[in-house]
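Shown next as structure tokens: one chain only, the form predicted alone.
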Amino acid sequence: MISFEKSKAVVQAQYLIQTVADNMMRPVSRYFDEEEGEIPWDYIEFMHGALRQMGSASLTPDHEKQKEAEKAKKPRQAYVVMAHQIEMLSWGDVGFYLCTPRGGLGSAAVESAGTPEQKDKFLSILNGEKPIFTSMAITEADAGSDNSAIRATAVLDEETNEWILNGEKIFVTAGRLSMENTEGYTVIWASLDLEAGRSGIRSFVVPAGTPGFKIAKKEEKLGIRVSDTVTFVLEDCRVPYDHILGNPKIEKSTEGFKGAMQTFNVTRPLVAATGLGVARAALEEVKKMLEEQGVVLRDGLPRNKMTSIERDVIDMERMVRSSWLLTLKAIWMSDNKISNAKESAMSKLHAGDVSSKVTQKAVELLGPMGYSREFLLEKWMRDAKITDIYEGTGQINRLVAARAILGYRGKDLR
């Protein structure tokens, strides 16, 4: 049964994360927002050491501990713990959170679609002495929400038993950190057969330093500016045969593609947690700044007796709390290996709406102070918008949820 009480692991990490947010994120948030491209190495080095000490309460599920828990038939809670920690770090600064070592979308892809041997190989390196980052590259110039339009290719060289990857990937989050500055890796989505559509799509682990791989462009963005976003180009990029995640055999079904898509069922609720962390930061700052201006927010009154500001603040709090409960449910289902494509999509799209609406309302309520760069409210409004865009736009997640509710296939409801 799902529990909404904070676990011991969450409580143990809470003090550390709050300290990091107050002392290592908030004081330099504006600086790194303005100096896009500068890497926050002090934060990275500190978090790497702290997460190693925290062990199972880290931002990457401890693969060995998960296997032990499954063997002992104990309930898994790795992702629930992660959701709480991610929300708290994002309260500090969501861009900084995206620079946290020991994982990322790439490790989530391995966890979701990899074999036990691949999990042991590619997840164990995250626990090393140096900070390690991973990323996942899906989007192409002509393949955004429609993953079946992917044109990056993977061809098996039978003589060397290697996969040869060719293509270009755009808007890769943490691509520079994973492939340029540490011994990390990225997970590339490519097609084994372009005519096979989704049936031919698989994901491949490409380690940093692999010949034929390069970073071609670094994006300048509206928000989360401390987090890098880049373009990858692969030209006859070779990786070993066992770096393919999932079954290399092309079949008429789309099981291989579905295996790759399982990654999103885990990561979308975690993205929702990032947006809700930003929304909570804005909500708390609004209440604090209104109080400093002498505005009293009263509780327990009928709605028709509240002021307009009181109604707005209560609506903001209602949206944040309800979205958090939806997110926790989707995450709990991931931990317990319960099919959650619908819940995952719903949590992500709802949090995308909430984070944008709450941060925008925060700026509106504070007027010139909210719009001023003297405070972080306008930055949080810019940071929040990405929640509605990456990991599947709000429109796409509405389609995913609607198909699941109505029992339609993708071709029937587009």
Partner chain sequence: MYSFEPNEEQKMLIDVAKRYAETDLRPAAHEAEEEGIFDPKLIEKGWELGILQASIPDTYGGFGDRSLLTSVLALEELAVGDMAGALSILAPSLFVTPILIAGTEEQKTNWIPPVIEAEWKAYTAAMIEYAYDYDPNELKTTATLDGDSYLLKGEKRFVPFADQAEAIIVYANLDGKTQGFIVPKGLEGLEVGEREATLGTNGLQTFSLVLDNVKVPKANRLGGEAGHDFAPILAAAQTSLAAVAVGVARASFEYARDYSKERFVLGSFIAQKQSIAFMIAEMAAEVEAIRLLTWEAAYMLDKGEETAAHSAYLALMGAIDMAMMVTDRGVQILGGHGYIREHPVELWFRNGRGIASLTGLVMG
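Keep in mind that this is a model prediction, so the values were computed, not measured. Numbering follows the first chain given and starts at 1. Between two forms, the rigid core is defined as the largest C-alpha subset superposing within 1.5 Å.
Absent from the display: the form predicted together with its partner chain. The rest refers to it.
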| message | Based on heavy atom distances of 4.5 Å or less, which listed stretch (127-135, 112-120, 320-328, 188-196) is in contact with its partner chain in the predicted bound form? | response | 320-328
| query | Of 44, 389, 50, 28, which residue is found within 4.5 angstroms of its partner chain in the predicted bound form when only non-hydrogen atoms are counted? | reply | 389
| request: Work out which of 339, 293, 247, 160 lies within 4.5 Å of its partner chain in the predicted bound form, going by heavy atoms. | output: 293
| field | Three-residue site 89, 202 and 204 fully in contact with its partner chain in the predicted bound form at 4.5 Å by heavy atom | value | no
| field | Non-hydrogen atom contact residue 301 with its partner chain in the predicted bound form at 4.5 angstroms | value | yes
| Closest heavy atom of residue 402 to its partner chain in the predicted bound form, within 4.5 Å or not? | yes
| query | Within a 4.5 Å heavy atom cut-off, is residue 170 in contact with its partner chain in the predicted bound form? | reply | yes
| said: I'd like to check something about residue 284: if you look in the predicted bound form, is any of its heavy atoms closer than or equal to 4.5 Å to a heavy atom of its partner chain? | reply: no
| task | Check each residue of 202-230 against its partner chain in the predicted bound form and list those with a heavy atom within 4.5 Å, in sequence order. | result | 217, 219, 220, 221, 222, 223, 224, 225
| said: Following rigid core alignment, is the displacement of the residue 14 C-alpha between this form and the one not shown equal to or greater than 2 angstroms? | reply: yes
